[in-house]
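Included below are structure tokens for two forms of one protein chain, each presented in isolation as structure 1 and structure 2.
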Structure 1
């Protein structure tokens, strides 16, 4: 199966290029997943969630699933997983996800994904899976090297292929997952006939990086996050805990090396960003003032969503209904795919 002309590399295209394409409806199915392994934070919002919400009105069919099966590689408490899964659902809906425009569901409500994962495992060499960077990275962080963690890319490939997805938005560090998925789809197609379209990585321009409170990339793994829906004392503690250098209040400061400034400019207008940069360089302003300005911007951005989230948390029957309706649509597609795969494989 040939790829669309104009890609950066086989199976990869920039998001801006994709938006300009005039593709038929049957080639515009986009799939994304989010793992419920911890509270969603500003890195998640600016890295993916904001784009997920903003792109709902584009001419594409969108699937977003909460990857609760995947979370089993790191979360070992059932009650915690249920709570984190609910948190993700509440967060996305509060931030503006429209279930009428996006098929939104729990991964575990579509059990066919495991049947397909087995089929893919049977045409996939262990050498291919051993190439996965994610396994090595997680082991380096002290996560137990379980069989589930090792075969994680196969379940991920199943997530993508079972809905016959055409596009998967990813960052540069996630492109390998799509390469592995395309390899597995190709192996199955060569063995049993053309069943799966080869999905393509939709490279989302990262824009500004989202640093954590310690200046490293914001990540649950580093314990340096600012949660999207933190508020009051908890939010203030996170923001006031941002690490800074020892430049005294009266001294000029470099905004380009400051974590507070990097976060502030994600929320601020260009004029507001320029004004704060000038205050940094002029001296006479302490980092505490900049932290207070950042705190105000976070409250301003997420205040309305906090109210919506509280309303949703008081109507969990509605939230559950959204997830079940999304799962019904997703499972209908999964059953079509499995019918094709079973027939091709002689099952």
Structure 2
């Protein structure tokens, strides 16, 4: 297992390479999870959600779930969890997740995931889990060091293995969890027989680290986010708050070190990006102008999704129906795996 976040491992494939593969029928399942632990932001969008949604039409079978059990490591209010879970459901559906193409469900609607987590815990060395940097990172941020937070990678492995998933699109902060998952699957298979395929992480290159308004990695823990569904005054406030250097308006500016430019690039075409870079280098343009151009891009990209989100929020029965239908499909798959795992383990 690598000790460095994001270090390339045999269980990792770039998303662009993956797209060019012809997947055999038994290697088609793609699964990812998203924690309902706060408002989704541009980092989540470009680093995760976009891939979850955009690749629905490819020759693969998709599972996306809302990791509400996982959120218990940080969110300790039931009503808040329910609201955050609904938020993620609305966000994904508004952004284009098609429930006919993607099995979309709540983690807690498939409680068998805990039964498998126990089986996996019993083939996991404590030393391996102790190496997980996400635990250290989270306690460094002041999150309560509960046993649940410590064993989080085991539940995550169970999320993946219970659907016999082949590909897991994740940000590079999650690559180590995928390595742990492969380790657990391998150990289980060696002990009891081949039950689990070894899943691979699918890594996104573009937008791998979206900067926040202060130039650090965008993260809800740093208070530097631009939320996907922010609009109007609130959105303007976030964008205008992006920290820049103090080059005067008339001075030539360096696009490569500017956060506004880095964000603009994510939305713009190559020609538009080149044009803005030329404006930076020529001088005579203030950062305020670049911020307004970025704002326009954000509105353009997410405007239609905001409308859809409002409609969905007025039709919660439909949303609940989608999650329930997804859970029924997911649970049927989980039951198949559990049948194999129980039999193999002599239970």
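We call the rigid core whatever largest set of C-alpha positions still superposes within 1.5 Å between the two forms. Residue numbers count along the first chain shown, from 1. Every value quoted in this text rests on a predicted model; they were computed, and no experiment measured them.
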Properly assigned, the form predicted in complex with tryptophan (TRP) goes with structure 2
_Quick check on residue 324: with the core superposed, does its CA move 2 angstroms or more between structures 1 and 2?_
no
Large Cα shift (2 Å or above) at residue 86 between structures 1 and 2, core-fitted
no
So, does residue 171 move by 2 Å or more at the CA between structures 1 and 2, with the core held fixed?
yes
Here the CA of residue 18, compared between structures 1 and 2 on the core, is shifted in angstrom by 2.8
